[in-house]
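Form predicted alone, single chain, as structure tokens, below.
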Amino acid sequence: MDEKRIEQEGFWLWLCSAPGLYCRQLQMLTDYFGTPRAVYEAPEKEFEVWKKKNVAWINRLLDFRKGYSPEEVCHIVKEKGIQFRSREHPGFPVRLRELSDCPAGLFFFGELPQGNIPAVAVVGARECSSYGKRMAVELGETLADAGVQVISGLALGIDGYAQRAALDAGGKSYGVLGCGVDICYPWENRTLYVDVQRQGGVLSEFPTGTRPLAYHFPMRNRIISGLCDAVVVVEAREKSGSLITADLALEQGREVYAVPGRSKDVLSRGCNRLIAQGAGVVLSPEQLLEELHFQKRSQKKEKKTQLTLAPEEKRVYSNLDLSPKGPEEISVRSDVPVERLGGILLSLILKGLAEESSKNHYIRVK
């Protein structure tokens, strides 16, 4: 970059680091003053018009301006190993530039998603079922295997399972935070937080040190959806952040898909409602790839497993899926006597092909 652009980035970094200022306030300031540098250099009397309107955050900005120069802010951010891109930087994500509420800038560890590579967000419930977990894992693996960037919020549950699976499959994943990138939230996902930085990136529009406040998460959700070609909701209650992300995706012109579930399952109500409203249905990760016209790169999972299964094991395995089933139902479906089922299920579990999702209820794993 030339010296002028580097200088502009410094002023953008300074403005985006002002505490308590969000996208709307930053846009108001740049609309009024023209550039972040003009905001920094303007005489204090030029802010009187804002003070007269009792704009509370103006005093926070002026205090910040007195305490920190662009050079000091740049030093603080670089010391933490954090990178920054303003919306005017050529490396800023092109998908976000299309948004009417495009972030003024992004702080990040690792790298930012690439605009010339397909990207899909996988989001859902924090307290998910074993069915939801398995679907999230399969989606993360399959998308990564097709070279698709997997975007999510690094949250517990569906988000984290999909992102971990994408990394384990050798793909790239990006986590969008509702706090500063120097804060790992939730703390339980600290290993994932580190690993995503190595195979993708962790990013946020919020300045360093910003706490994970509740109203930050709907704001970050527009970035999750904005970075993607499509959003997939795996499990969601009737009122959830995942549905906010889906609504934002529709407003942004992104595709929305949902994994269907049983009508009485609380965690499926949000997904079933999305489908009723016209969202695409995810029947399998492979079907999703076909819908999005993405090409799977390998078939490595098809599976040596069949070579190692006895006839009764094959029948039991083929009648398991992601919906937990008890011994009686499995016995009827597979035509294997209940008294023989225990040993067969144990064999499938030891081979990594089945899992006891709850007491005496089993699901398919691969």
Partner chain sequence: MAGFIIIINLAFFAHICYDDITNHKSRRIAIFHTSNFIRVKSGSFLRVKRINGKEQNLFSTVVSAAINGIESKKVMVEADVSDGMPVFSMVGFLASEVKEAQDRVRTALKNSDIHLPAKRITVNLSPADLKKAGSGFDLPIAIAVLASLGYIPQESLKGILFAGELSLNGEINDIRGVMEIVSGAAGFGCHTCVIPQSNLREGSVIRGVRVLGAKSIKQVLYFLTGEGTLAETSINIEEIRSRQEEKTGVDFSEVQGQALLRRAAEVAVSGLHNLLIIGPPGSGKTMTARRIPTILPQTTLEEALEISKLHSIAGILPEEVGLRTVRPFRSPHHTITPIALAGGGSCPKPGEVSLAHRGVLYLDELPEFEKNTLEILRQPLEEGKISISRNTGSYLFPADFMLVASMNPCKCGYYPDRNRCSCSVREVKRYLNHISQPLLDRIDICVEAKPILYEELKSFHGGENSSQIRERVTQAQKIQQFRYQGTKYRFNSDLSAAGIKKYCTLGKEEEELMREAFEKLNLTARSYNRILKVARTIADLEGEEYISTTHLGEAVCYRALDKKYWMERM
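Just so you know, these numbers come straight off a predicted model, no measurement behind them. Here the rigid core means the biggest group of C-alpha atoms that line up within 1.5 Å when the two forms are laid on top of each other. Numbering follows the first chain given and starts at 1.
FYI, the form predicted in complex with its partner chain isn't displayed, but the following is about it.
- Contact with its partner chain in the predicted complex, defined as a heavy atom within 4.5 Å, is made by none of V94, R97 and G110.
- Contact annotation: its partner chain lies within 4.5 Å of heavy atoms from the stretch 258-266 in the predicted complex, the single such stretch among 113-121, 273-281, 258-266, 71-79.
- Taking non-hydrogen atoms only, Q149 never approaches its partner chain to within 4.5 angstroms in the predicted complex.
- At least one heavy atom of H361 is located within 4.5 Å of its partner chain in the predicted complex.
- Using a 4.5 angstroms threshold between heavy atoms, L156 counts as touching its partner chain in the predicted complex.
- Taking the partner from the other structure, its partner chain in the predicted complex has no heavy atom within 4.5 Å of any heavy atom of F217.
- E329 is the sole member of E41, E329, E48, D335 with a non-hydrogen atom lying within 4.5 angstroms of its partner chain in the predicted complex.
- In the predicted complex, E127, C128, S129, K133 are the residues of 126-149 with at least one heavy atom within 4.5 Å of its partner chain, listed from first to last.
- The rigid-core alignment places the CA of E355 2 Å or more apart between the shown form and the other one.
- Taking the rigid core as fixed, one finds a CA shift for R340 of 2 Å or more between the shown form and the other one.
- The pair L283 and E329 is at least 3 angstroms farther apart at the CA level in the predicted complex than in the present model.
- A shift of at least 3 angstroms pushes the Cα atoms of G261 and E329 further from each other in the predicted complex than in the displayed structure.
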